[in-house]
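Only one chain is shown below, in structure tokens, and it's the form predicted on its own.
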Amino acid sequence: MAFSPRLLPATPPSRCPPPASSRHGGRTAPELSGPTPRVVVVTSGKGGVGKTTTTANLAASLARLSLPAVAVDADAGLRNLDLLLGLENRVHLTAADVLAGDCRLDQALVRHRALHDLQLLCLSKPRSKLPLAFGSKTLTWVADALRRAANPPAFILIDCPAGVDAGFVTAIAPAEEAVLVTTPDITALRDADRVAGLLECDGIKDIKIIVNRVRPDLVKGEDMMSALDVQEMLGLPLLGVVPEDAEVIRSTNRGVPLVLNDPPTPAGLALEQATWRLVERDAMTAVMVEEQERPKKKVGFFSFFGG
């Protein structure tokens, strides 16, 4: 039986001023590519690589660009996206309540106080599980309802839980695009390679990678793989390279996305630039000078993907 969550007409979101244009060649906004809403899953396979931080900052950047975004925390039992957005005390209703018929979808959406074009939707309450009757199509129903809203968002960003179990299947079901977050270490890369294959098997072909926690000093000393190494190993377009940044911890503890910091931090700038590429369906083409100059290191990293 088809499911149709109830909706009330949404109020038009207010507009926030765009980020500084000086960082983007004088342009004040990117050119939105493709029909909306675009449903993007942010995934990694391995936990702890910065996936939720990436989701929060992509969503905040979209809102700053006046592109309405709904950030969905798809972790049924261990949600954290509300903490990173500073909304932990305002989540009273969830997608599970909507699907159970206990509330409307617009009642479960939590609008950010400072970024009026950003809304959060949590799949369920902490330490709770989705009823088995909801199945893997839970977020597909939610995405369809958001498409039919009076003012549909430009983007639906789904923060995928770690692993490749039922939660992963539920999170990727409605997605048309994927952002694969990884760190430049062999354990994260093996998981990312596996997840990329599962995404492609599910019909998601538009997959881009964000390489997180890159340390240029270690890359230059050949103690860490470069973003170029990671891109060559995974064979996917590069959406962004985020350097290691101590401000990430401070930002997380404050519940304020990095991209809202003034002055901006290196990681915040990298995530803002990644958002522009996401909007335009672009990818990184520039290669850092130190990557061009340093010799290729012949290490059998691919052997870790074999089993």
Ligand SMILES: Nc1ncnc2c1ncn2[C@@H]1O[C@H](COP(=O)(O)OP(=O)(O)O)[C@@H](O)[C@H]1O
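Numbers for residues come from their place in the sequence shown, where the first is 1. Note that this is a predicted model, so its numbers are computed, not measured.
Keep in mind that the form predicted in complex with the ligand is missing from the display, and what follows is about it.
Checklist entry - Using heavy atoms and a 4.5 Å limit, would one call P243 a contact residue for the ligand in the predicted bound form? => result Yes, P243 is a contact residue.
Checklist entry - Quick one: is R213 in contact with the ligand in the predicted bound form, heavy atoms, 4.5 Å cut-off? => result Answer yes; at least one heavy atom of R213 falls within 4.5 Å of the ligand in the predicted bound form.
Next on the checklist: If we define contact as a non-hydrogen atom of the residue within 4.5 angstroms of the partner, is G50 a contact of the ligand in the predicted bound form?
Outcome noted: Taking the distances in the predicted bound form, the answer for G50 is yes, it comes within 4.5 Å of the ligand.
Checklist entry - Is L260 one of the residues lying within 4.5 Å of the ligand in the predicted bound form, judged by heavy atom distances? => result L260: no, not in contact with the ligand in the predicted bound form.
Next on the checklist: Given the stretches 235-243, 61-69, 28-36, 274-282, which is the single one in contact with the ligand in the predicted bound form, using a heavy atom cutoff of 4.5 Å?
Outcome noted: One stretch meets the cut-off, namely 235-243.
Item to check | Neighbours of the ligand in the predicted bound form among 249-282 [non-hydrogen atom within 4.5 angstroms] | outcome: Residues within 4.5 Å: I249, T252.
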